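Starting off, we have a lone chain in the form predicted on its own, written out as structure tokens.
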């Protein structure tokens, strides 16, 4: 009887340790979630606080109103938020399309095509990505200035070029995914008379939907939240400000007393396009993953 009770005690002890580990993990994850969520909740709550109002550590406002959201789209005396919003949306959308195409093209050529200097290019791209992007800020600006793209209506074009031209060096994740696709599929397509472009668009891209979704989101978020390059290129041309420049301007000394609560409202509005993009692309991501499992 004593011999049989020993394994039971061991199993009971292991089960107790497993439960304790699970509880500790859930408590830790809950704390991490609260750390991430609390600032966003504070931002949303104070976006409905009546203005003008300065920053306060008080978490819950005493009153709520939508006047801050209304003011962003009606008060243009200091900052034109709708124009900044549309500037950013246009630049981010164009940059997203161009960057995604560049990454797909470069990744396919490195994964499926054998060519001279291929390994050298990958090593060079890896070394370049080790340095922060803003290190090239002044060089990029003077190159754009030499091309006459830093003045007037050409400023949005300069930003698009700045955000998308170097996208080809960010091929590592996409190439790694393409390497997992059997090359026998490409060879079968060639035997059936398909061109390399048809193989790329009809075979490879449909199988890369999950990574395309990832690339679209990251390519859109970069220009949408960037401040450094946008500020350097736009400088003091308020007509071409992006939302990041506008939100930063709302916190400057001369505006913060009036625009802080509007800053909170603007920050909430800025999160909407990225959230919508994620919700739209999430469907394609799930469909692609379910299709790959069934196949």
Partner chain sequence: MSNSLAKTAAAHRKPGKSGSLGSALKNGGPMVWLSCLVMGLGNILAGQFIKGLLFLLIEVAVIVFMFLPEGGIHWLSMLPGLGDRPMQEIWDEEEMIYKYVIGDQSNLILLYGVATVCILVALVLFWRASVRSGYQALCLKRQGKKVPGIVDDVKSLFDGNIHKLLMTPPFLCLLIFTVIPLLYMMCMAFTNYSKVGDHLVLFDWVGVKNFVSIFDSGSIIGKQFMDVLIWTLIWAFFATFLNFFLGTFLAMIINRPTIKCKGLWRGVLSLTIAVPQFVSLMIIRNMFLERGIVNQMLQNWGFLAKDATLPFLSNATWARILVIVVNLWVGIPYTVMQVTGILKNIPAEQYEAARIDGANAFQQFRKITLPYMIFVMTPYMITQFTGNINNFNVIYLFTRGDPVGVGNTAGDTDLLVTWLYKLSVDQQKYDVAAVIGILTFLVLSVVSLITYRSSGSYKNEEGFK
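Numbering follows the first chain given and starts at 1. This structure is a prediction, so every number in the text was calculated from the model and none was measured.
The protein also exists as the form predicted together with its partner chain; that form is not presented, and the subsequent description refers to it.
Checking 65, 258, 56, 237 for any heavy atom within 4.5 Å of its partner chain in the model of the complex turns up a single hit: 56. Distance criterion of 4.5 Å from any heavy atom to its partner chain in the model of the complex singles out 200 from the list 85, 177, 220, 200. Judged against its partner chain in the model of the complex with a 4.5 angstroms heavy atom cut-off, the residues 80, 123 and 214 are out of contact without exception. Contact with its partner chain, judged by heavy atoms within 4.5 Å in the model of the complex, is confined among 101-109, 180-188, 203-211, 88-96 to 101-109. Contact between residue 152 and its partner chain in the model of the complex is not found at the 4.5 Å heavy atom cutoff.
Taking non-hydrogen atoms only, residue 15 never approaches its partner chain to within 4.5 angstroms in the model of the complex. Residue 119 falls outside the set of residues with a heavy atom inside 4.5 Å of its partner chain in the model of the complex. When contacts are judged by a 4.5 Å heavy atom cut-off, residue 48 does not count as touching its partner chain in the model of the complex. If you take 118-136 and check each residue for a heavy atom within 4.5 Å of its partner chain in the model of the complex, you get 121, 124, 127, 128, 130, 131, 132, 134, 135, 136, in sequence order.
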